[in-house]
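Here you get one chain, nothing else, as structure tokens; it is the form predicted alone.
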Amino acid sequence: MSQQIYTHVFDNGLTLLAEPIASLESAAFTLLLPAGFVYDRPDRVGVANFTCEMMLRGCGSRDSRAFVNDLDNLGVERGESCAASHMSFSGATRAANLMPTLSIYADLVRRPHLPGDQLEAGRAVVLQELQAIEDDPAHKVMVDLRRRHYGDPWGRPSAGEEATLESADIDELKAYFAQHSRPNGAILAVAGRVDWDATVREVGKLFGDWKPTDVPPPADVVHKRASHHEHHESNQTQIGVAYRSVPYNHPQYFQAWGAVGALSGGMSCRLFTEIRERRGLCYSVYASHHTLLDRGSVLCYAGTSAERAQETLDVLVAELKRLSAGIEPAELDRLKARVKSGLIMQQESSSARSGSIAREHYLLGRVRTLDELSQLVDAVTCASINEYLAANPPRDFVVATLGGAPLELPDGVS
């Protein structure tokens, strides 16, 4: 299914990954820059996201308009985001245009203009992003859930906080960029129709003389997990539930992941079947496994009417607790079928593969081929999942709710 994955670490600490896929005409890249929001000062959450926005406003010899036009002329489908550990920049284009595209992004992460005369335009964008979360109750409750569950700095809102976004000036953003844009800890992954030797050579020209910078790792703040209700005038109630799990690099990750797959991921999974289909309690319900470098969790969501919110929460927590009794072979078979389909489709997308191998290298320290992943999935059994669940039952839940009235917390909720 998958092909060889190549790795090269430059002297400055930049890791280059590549998965050549000869069947594709496209090539894609994902660049993870170790400048995520966990590096914000605790009283200035949002500087990282604001800096990421301003980096897009011209770099190298290009002003803001030329930056956009040149990428459009190369046919680049692109994206960027600011997450916990990294700013992420990605793009996909015709294979012949990959290196010209990477030359532009080398300027972006090394020589951005960060123009002061566009500060207010950038501020308007990040404030609109924050307002969009306020206008999306489902998103808002999950932002609050992660904050309550993970604490600081890992549970911070990626969009930042309004006070910081309103007050940040261009000097603060330039200082943040100067300190955190660095090759050591950065990961550049490419996938598609690429030649490995030529890629190493050209990337070395673009990034090889980039000077590393020492940045202390973010420190965890002692955090007491606690449930929370936020009042919001609405006929609907948003419910988030979280509990601890294992991270991606844990030996039993695939068992933990398989258990969550029985809960959510299709119309035949437990949460949809029991809470929405049989009882008609909610219009949306799901659970997902979320992993950071050294910790993991299961994050669950349900959106329902105010009248049925208490019952929805009670049944949701009951279903999570019931998972400790184990899963059935038919549930695992359906999960494996979904995963195999996903792996096949991932191999057909250069964008999906570049993003996947970048994230896996960060979380695992190496990249597994799709064949390896397929074998790991095949090796998961009901017995191994049920053994994991017996030793690690879902418990110690944290609940975040958003709606007109607080709910009574079930047993086992912090």
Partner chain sequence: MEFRKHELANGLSIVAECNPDAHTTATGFFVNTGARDETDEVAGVSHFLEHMMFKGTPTRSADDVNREFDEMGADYNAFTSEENTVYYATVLPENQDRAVGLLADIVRPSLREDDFNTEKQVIIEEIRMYADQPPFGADDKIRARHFAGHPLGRSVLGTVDSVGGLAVDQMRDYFRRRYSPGNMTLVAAGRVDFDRLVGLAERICGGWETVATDRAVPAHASHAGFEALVKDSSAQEYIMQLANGPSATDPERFAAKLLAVIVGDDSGSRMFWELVDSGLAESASLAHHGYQGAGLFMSYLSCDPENAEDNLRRVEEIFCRVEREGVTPAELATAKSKTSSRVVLSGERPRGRLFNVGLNWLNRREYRSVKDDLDAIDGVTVEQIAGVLRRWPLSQTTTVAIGPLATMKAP
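Residue numbers count along the first chain shown, from 1. Small disclaimer: the values here were computed from a predicted structure and weren't measured.
Note that the form predicted together with its partner chain isn't included here; everything after this is about it.
Visitor: Sort through 203-211, 98-106, 286-294, 230-238 and report the only stretch with a non-hydrogen atom within 4.5 Å of its partner chain in the predicted bound form.
Guide: The contacting stretch is 230-238.
Visitor: Can any non-hydrogen atom of S374 be found within 4.5 angstroms of its partner chain in the predicted bound form?
Guide: No - in the predicted bound form, heavy atoms of S374 and its partner chain never come within 4.5 Å of each other.
Visitor: Does at least one non-hydrogen atom of G185 fall within 4.5 angstroms of its partner chain in the predicted bound form?
Guide: Residue-level check for G185: no, no contact with its partner chain.
Visitor: Whether S305 contacts its partner chain in the predicted bound form should be assessed with a 4.5 Å heavy atom distance threshold; does it?
Guide: Although its partner chain is absent here, S305 would touch it in the predicted bound form, with heavy atoms inside 4.5 Å.
Visitor: Does the 4.5 Å heavy atom contact test between R94 and its partner chain in the predicted bound form come out positive?
Guide: Because a heavy atom of R94 falls inside 4.5 Å of its partner chain in the predicted bound form, the answer is yes.
Visitor: Considering R57, R44, R359, R368, which brings a non-hydrogen atom within 4.5 Å of its partner chain in the predicted bound form?
Guide: The residue in contact is R57.
Visitor: Go through D169, E162, E311, E134 and name the one with a heavy atom inside 4.5 Å of its partner chain in the predicted bound form.
Guide: In short, E134.
Visitor: Non-hydrogen atoms within 4.5 angstroms of its partner chain in the predicted bound form: do V68, S341 and E348 all have one?
Guide: Heavy-atom distance to its partner chain in the predicted bound form: all three under 4.5 Å.
Visitor: At 4.5 Å, heavy atom to heavy atom, what parts of 63-78 sit next to its partner chain in the predicted bound form? List them in sequence order, or say none.
Guide: Contacts from 63-78: S64, R65, V68, N69, D72, N73, G75, E77, R78.
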